[in-house]
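Here's a solo chain for you in structure tokens, the form predicted on its own.
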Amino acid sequence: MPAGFALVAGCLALAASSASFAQEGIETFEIGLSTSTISISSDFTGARLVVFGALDNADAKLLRQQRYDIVVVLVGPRSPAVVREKERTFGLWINRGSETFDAVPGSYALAATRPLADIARQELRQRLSLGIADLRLDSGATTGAFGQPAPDKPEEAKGQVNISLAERRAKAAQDIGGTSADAAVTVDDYAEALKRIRRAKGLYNQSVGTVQFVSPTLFRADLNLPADLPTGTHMARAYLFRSGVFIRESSEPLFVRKSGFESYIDDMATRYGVFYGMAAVLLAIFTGWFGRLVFKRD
């Protein structure tokens, strides 16, 4: 079956499903993915994911006025990440401090009908964690200057983490004879650095105008996935807005897994770590011995 025909058939099925749940005066919509599983092999260079959906029970006048907006996001599996601040001292790079984030998306791809600033207010974007700039990164333990652990303060409110870190930076700057700029480093600075690094690697990306209505009620979004896409369960979410007001969201999982010989090696290393390590050592010894035989000089 051609891919285009399959997408159209999927959209029609979503429209029928959405209509069965529609309530008078309330918009409903469902989404589907062009594929539910992506297999990564040694020659994987990235992929394109198509997210399609159907909007039901929408106001015809608002549709003609293009007052409906849709934002589609694919969020990769979350894992801890540590961001370190380095400084060149006497020709050497040393860690001045670090920040630990407990749940950072391994990848983040976004597509929207219009610029996010035209779709929703910043407060709403922050609450929904929409866009790279407003993506929430959960912060954990913080270390002070030169990597020294900061004192634990269980009673400290979560919203005061930035202030306490800035105060520790200011004290550290006084202790080492630094400048006032040292006191300006906050959790937000570490978060922005992490986003900037992952955006440069292609792991975080967003585009405008890549969500299009192919009919008055059917839409599709194209998401570009990088070559080093992390494995695990990704979550595709679609957000529906009407005149800047958030209406509802719909989500579907996407499974990314390794395939081929790499998958077999990864599975062996995970299940039989001790035997895998012993086999690796024996293989290294054999390779060295065989290489000596082949390249030895008489």
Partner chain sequence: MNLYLPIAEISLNVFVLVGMGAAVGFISGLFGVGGGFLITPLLIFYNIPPAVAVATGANQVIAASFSGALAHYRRGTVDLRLGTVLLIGGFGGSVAGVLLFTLLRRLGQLDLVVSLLYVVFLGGIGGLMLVESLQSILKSRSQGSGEIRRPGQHSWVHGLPLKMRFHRSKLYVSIIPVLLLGFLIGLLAGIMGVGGGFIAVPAMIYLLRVPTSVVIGTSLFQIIFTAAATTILQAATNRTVDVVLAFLLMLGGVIGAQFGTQAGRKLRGDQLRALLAILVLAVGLRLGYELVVTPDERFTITLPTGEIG
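Residue numbers count along the first chain shown, from 1. Basically, rigid core = biggest C-alpha set you can superpose within 1.5 Å across the two forms. Predicted model, so just to flag it, every value in this text is computed and none were measured.
Beyond what is shown, the protein has a form predicted together with the partner chain; the following relates to that form.
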| property | result |
| --- | --- |
| Contact label in the predicted complex: Asp266 to the partner chain, heavy atom within 4.5 Å | yes |
| Partner contact for Gly91 in the predicted complex: the partner chain, 4.5 angstroms, heavy atom | yes |
| 4.5 Å heavy atom contact, Phe241 and the partner chain in the predicted complex | no |
| The partner chain contact in the predicted complex: Tyr190, any heavy atom under 4.5 Å | yes |
| Stretch in contact in the predicted complex with the partner chain, which is absent here, among 226-234, 57-65, 247-255, 29-37 (heavy atoms within 4.5 Å) | 226-234 |
| Arg78, Arg136, Arg121, Arg84 - the one with a heavy atom within 4.5 Å of the partner chain in the predicted complex | Arg84 |
| 4.5 Å heavy atom contact with the partner chain in the predicted complex for all of Ser41, Gly277 and Ile285 | yes |
| Large Cα shift (2 Å or above) at Gln212 between this form and the one not shown, core-fitted | no |
| Rigid core superposed: Gly91 CA moves 2 Å or more between this form and the one not shown | yes |
